[in-house]
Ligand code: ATP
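Only one chain is given next, in structure tokens, and it is the form predicted alone.
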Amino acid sequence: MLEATGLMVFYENMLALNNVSISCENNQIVGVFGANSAGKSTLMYTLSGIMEDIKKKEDMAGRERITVLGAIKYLGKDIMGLKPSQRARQGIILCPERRRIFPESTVLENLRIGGYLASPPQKKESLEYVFRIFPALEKIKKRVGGFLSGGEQQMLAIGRALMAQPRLLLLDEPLLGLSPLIQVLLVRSVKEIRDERGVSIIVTEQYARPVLPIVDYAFILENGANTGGAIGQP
């Protein structure tokens, strides 16, 4: 489904990604593990295309120069030159680190915003699915996002990403700062999304233990570089 080879990202003279290669096949859950500042978010921004937007904004403002090199193929086609909106329309959807929900909008409004790429029937079906996999959200659908707990916000962020009809879902540290109980719930939900929706998933985390049981393959990042891969637990 997706294959990235030789990815290199420079922030001026700092090397954030150093010859990173990663792949994810249909119906796989792939883990990317590494310490803080290992390059996990930079990798996700690069795969989703958001790095291209960041690069343009920095260039226009005359600030930090960003260079992106390497190749990304998705469904057999080169997407390195595609904008993030174009990648999203092809099914590559990023659920970013630290949730990034709209804090002044309600749960339902956040979800509907996520469904802007979907047809009316898709929106209806996806909303029903989100409320089924995260029943807590249906009970608080009229509550403003800024007043949700961290776990509720993460459920909302994943639900909003599902509303966008992903074929490849990029989850950037979805367990960050959450209790062990909520982590278990979210890990179970991620596996259900793959099994029930046929969505391929790449998930990054600083700590591998909660996620490792559900991944098919795992990559390790250290100082922006691949240090190896390991087969996940069945």
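Start at 1 with the first residue shown and count on from there. Computed from a predicted structure; not experimentally measured.
There is another form of this protein, the form predicted in complex with the named molecule, and it is not shown here; the text below is about that form.
- Partner contact region in the predicted bound form: 41-49, out of 41-49, 181-189, 22-30, 163-171, criterion any non-hydrogen atom within 4.5 Å of the named molecule.
- Although the partner is absent from this view, Ser37 contacts the named molecule in the predicted bound form, with a non-hydrogen atom inside 4.5 angstroms.
- Under a 4.5 angstroms non-hydrogen atom cutoff, the named molecule in the predicted bound form has Tyr11 among its neighbouring residues.
- In the predicted bound form, the named molecule stays beyond 4.5 Å of every heavy atom belonging to Val211.
- Of the heavy atoms in Ala16, some are within 4.5 Å of the named molecule in the predicted bound form.
- Shown without its partner, the chain has no residue in segment 182-199 with a non-hydrogen atom within 4.5 angstroms of the named molecule in the predicted bound form.
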